[in-house]
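Next up: a single chain in structure tokens, the form predicted alone.
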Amino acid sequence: MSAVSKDNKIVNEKIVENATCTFCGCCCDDITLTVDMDKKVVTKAKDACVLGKSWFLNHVIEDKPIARIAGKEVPLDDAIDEAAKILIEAKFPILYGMSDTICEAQRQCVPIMDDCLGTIDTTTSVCHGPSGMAFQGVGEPSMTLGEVKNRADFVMYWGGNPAEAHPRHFARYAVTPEGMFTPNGKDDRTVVICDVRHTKTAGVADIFLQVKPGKDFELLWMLRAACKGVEIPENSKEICGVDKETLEDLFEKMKNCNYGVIFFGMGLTMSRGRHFNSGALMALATDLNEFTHFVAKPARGHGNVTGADNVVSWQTGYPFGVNFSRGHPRFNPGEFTTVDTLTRGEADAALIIASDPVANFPKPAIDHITSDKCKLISIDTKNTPTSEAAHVSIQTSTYGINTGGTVYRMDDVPISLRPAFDSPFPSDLEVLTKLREKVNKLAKKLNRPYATKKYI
């Protein structure tokens, strides 16, 4: 459609309804985009939060090469050939990232590493990796965000700050929306925040629990014990920072609600205790099902990190940190996770997809991945410290804005993307499909016994 601008010029506009924002794990799919098709920019993002508006409105098509080898522009196919050669000849290749790309592209990554006898890892290993480990130990009392909106009358956030990290989580799903069995919105809900400090999220709380740093496990175990009839100790404030009376009142509210949910963040998973903390929280939710209906879910960050875990899980049986060097998938966080393999100087080739470890990994890991001992390959939508340091760098289009596909919301619900406008750069799916085919051909030439394996 066309529209008239303020200076009476005709603008070639396009309206994209029900677009999906892939900035965070909420994956809000009710955004209305206004696109200037001549300038190839999004001019309005109706209903998006401040993070979503930044995601859409700051997106521009950069004038840069599609592919580079050692800093020099090359044809895309040459870059893919070079990347395939590096990966197949490496003794310990790793693949990391994938949290900001579509599931269809993520599907290509597992067979690439299988043919290379390498290791595949998602950004989960540096955020909710402990939760993934806990899922396998104690299970996951799960739900969808639609259930939370319509049923939850007790909502708890533990170790997270959604007011700043997931701004629409309150309004769309958990705190203020009017649901089928919560017609009065927040008035029908008890909202509890548990954190080591008073954040912006605490402003919506009916109850705020300020736990001592590193004492989440002890607090969770007190609540678990209460489920079994054990009295909360008198010195609970000394132990975990919350007094006995507050914990007794909290426990009564938890067991007497109709539908309870706990969302937990990296304040729980990346503090002392790690997967024991996540396991204790999910076990608590399971214990509370003796009294009422209770569920728990990690609040995921990147737009499709949940999809990455799902795709790797249904192809290998494990969500991240999976090694194929013995011809079958092996899962061992700490041994096969990316920060660890780089810090120990083990990886001699690294394929980084839609991630920027050079900007945020520990210094020993950065020193190794940028050294001559490790050939770095970057596939990303923007110039980053990682892409600038890479031997092979490929620029791709942005999912959700330039390309369609499937992403998983933080509650494991798949959502289809509606792109706004085309990009001159290839999609992640196109690049990774070509790379998979090239790697597979090289693996067959080397008579790799697993190169004929079929993947769905």
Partner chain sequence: MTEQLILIPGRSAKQGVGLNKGKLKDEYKKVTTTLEVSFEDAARMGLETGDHVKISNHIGETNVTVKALREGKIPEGYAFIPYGPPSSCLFDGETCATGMPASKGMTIDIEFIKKGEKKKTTLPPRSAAG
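The structure displayed is predicted, hence computed values, not measured ones. Residue numbers count along the first chain shown, from 1.
Omitted from view is the form predicted together with its partner chain, to which the following refers.
> For the three residues Asn58, Pro213 and Met266, which mark the spot I'm curious about, does each lie within 4.5 Å of its partner chain in the model of the complex through at least one heavy atom?
Yes, because Asn58, Pro213 and Met266 each have a heavy atom that approaches its partner chain to within 4.5 Å in the model of the complex.
> Does Glu238 make contact with its partner chain in the model of the complex, using a 4.5 Å heavy atom cut-off?
Output for Glu238 is no: heavy atoms all beyond 4.5 Å of its partner chain.
> Could you tell me if Pro385 has a non-hydrogen atom within 4.5 Å of its partner chain in the model of the complex?
Pro385: contacts its partner chain in the model of the complex.
> Is there a non-hydrogen atom of Glu164 within 4.5 angstroms of a non-hydrogen atom of its partner chain in the model of the complex?
Judged by the heavy-atom cut-off of 4.5 Å, Glu164 is in contact with its partner chain in the model of the complex.
> Although the partner isn't part of this model, could you tell me whether Gly279 comes within 4.5 Å of its partner chain in the model of the complex, counting any heavy atom of the residue?
Flag for Gly279 set to no.
> If you check Val339, Leu76, Val138, Ile207 against its partner chain in the model of the complex, which one has a heavy atom within 4.5 Å?
Contact check passes for Val339.
> Heavy atom within 4.5 Å of its partner chain in the model of the complex: which of Phe324, Phe361, Trp158, Phe294?
None of the other options qualify; the answer is Phe361.
> Taking 4.5 angstroms as the heavy atom distance cut-off, pick the stretch from 44 to 52, 408 to 416, 27 to 35, 389 to 397 that is near its partner chain in the model of the complex.
Heavy-atom contact with the partner occurs in 44 to 52.
> Only counting heavy atoms and a 4.5 Å limit, does any residue of 264 to 285 reach its partner chain in the model of the complex, and if so which ones?
Residues within 4.5 Å: Met266, Gly267, Thr269, Met270, Ser271, Arg274, His275.
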